[in-house]
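Given as structure tokens, the chain that follows is alone and in the form predicted alone.
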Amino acid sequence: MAHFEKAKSIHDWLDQRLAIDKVNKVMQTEYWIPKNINFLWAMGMVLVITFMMLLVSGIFLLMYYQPNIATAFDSVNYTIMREVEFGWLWRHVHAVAASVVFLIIYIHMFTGIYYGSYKKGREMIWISGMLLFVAFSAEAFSGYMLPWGQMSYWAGMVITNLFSLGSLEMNGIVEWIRGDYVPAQAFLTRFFMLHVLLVPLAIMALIGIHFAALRIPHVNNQDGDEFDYDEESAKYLAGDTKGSKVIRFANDFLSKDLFVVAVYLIFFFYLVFWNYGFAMDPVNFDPADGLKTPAHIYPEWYFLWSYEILRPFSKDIGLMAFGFAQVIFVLLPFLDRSPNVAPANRRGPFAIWFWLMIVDLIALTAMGKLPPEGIFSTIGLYAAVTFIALWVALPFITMMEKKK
């Protein structure tokens, strides 16, 4: 049994039982962050804050939302928006956060790619981050179903049809997921459960794993420098704060994080009050109707790039291309064969690959919103082929990179 002494204070009593001083050191005061980083390293904290806003606003919406196909639409668009005081505000916060969180995820993700933060012992940081992306995608998709509008219904129809696996015609899997032949009450109930319980629990667990994965290899920096954290932290603790290459997480780095968060919140609440419409598809303000197909079915903007990879090809090839797009980012640490941990601008051909990837993803996103006809269809096809070609070429491009 552990040895307990008479406590001198409440803090001492808690420390003997919960080791709060040790936890404080591990998580904050002796969690060391490199000095040579910029505001892009604050995106992780911005994501946590946005997720918290999603949780809080979701709880308030949950008080009035009714997961029933007969009443779901009215509970969102009438009860919450018109009858509940400030219900409109909570819905706007939830809708804007659900969209903006993906903008931050993409910035965070491509910052990691640009600076090589997935390499040299940091593979689990990257993999856990990509699993978070998958979990947030599942959360966003399940939440999109809940208002039970036209685009909710038909997006659910299209996405679940993918599980038939093309020419394999495994329609039984689709019916099992839906709980019916078409999206109906069982479908809505299941996605409600996923959205409010199962996926948020998975996200919270993955956030914990993601932060834990940072502890051993530590946070990367702008130059990709590797240095002795024990030596640099000893300098800092000895009073040589200028000479040390690291700073404490709390309160040194945290104060910088919170400044970026404050700027972000100004932008966020500007969208909430004055430009929330971008986060709410006009088609989804019509009640779900299984007998009336919208002229053009498309997902939210953050899924458009992968949707466009699916569209230009025949059913089976499109499905394989779509599957390729879903898993290829997870494999990045193993596809990049270069020994260098450095910013893309110092890695020659990799910099060209990186910016071509960004431009291609923007083109795919733009084409995914447009009807698949004429020149739009052609551009979408070329962009999809380019995406696949870039990833196939990556191992060969990085293999030829000289060690710096």
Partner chain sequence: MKEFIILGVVTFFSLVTYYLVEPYAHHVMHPHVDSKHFAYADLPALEKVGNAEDGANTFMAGGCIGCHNVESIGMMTGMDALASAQAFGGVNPPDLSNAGTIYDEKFLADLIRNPAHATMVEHKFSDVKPHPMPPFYGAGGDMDQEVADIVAYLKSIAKPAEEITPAMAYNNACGRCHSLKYEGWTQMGEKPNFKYKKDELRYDANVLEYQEGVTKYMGKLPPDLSMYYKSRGAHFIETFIEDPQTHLAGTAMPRVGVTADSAEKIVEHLADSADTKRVERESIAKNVMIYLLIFTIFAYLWKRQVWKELH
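What you are looking at is a predicted structure, and each value in this text was computed from that prediction instead of being measured. Residue numbers count along the first chain shown, from 1.
Keep in mind that the form predicted in complex with the partner chain is not shown, yet the notes after this line are about it.
The single contact residue among F303, F187, Y236, F102, judged by any heavy atom lying within 4.5 Å of the partner chain in the predicted complex, is Y236. When you look in the predicted complex, the only residue of Y307, W126, F73, Y144 with a non-hydrogen atom within 4.5 Å of the partner chain is F73. Contact annotation for the candidate site: D21, G44 and F163 all lie away from the partner chain in the predicted complex (no heavy atom within 4.5 Å). Only one listed stretch (175-183, 320-328, 107-115, 196-204) carries heavy atoms within 4.5 Å of the partner chain in the predicted complex, and that stretch is 107-115.
In the predicted complex, the partner chain lies within 4.5 Å of some heavy atom of N38. The partner chain in the predicted complex is not approached by I209, whose heavy atoms all lie more than 4.5 angstroms from it. Y298 belongs to the set of residues with a heavy atom inside 4.5 Å of the partner chain in the predicted complex. Although the partner is absent from this view, R82 contacts the partner chain in the predicted complex, with a non-hydrogen atom inside 4.5 angstroms.
Applying a 4.5 Å heavy atom cutoff to the partner chain in the predicted complex picks out Y236, T241, K242, I247, N251, D252, L254, S255, K256, L258, F259 from 232-260, in order along the sequence.
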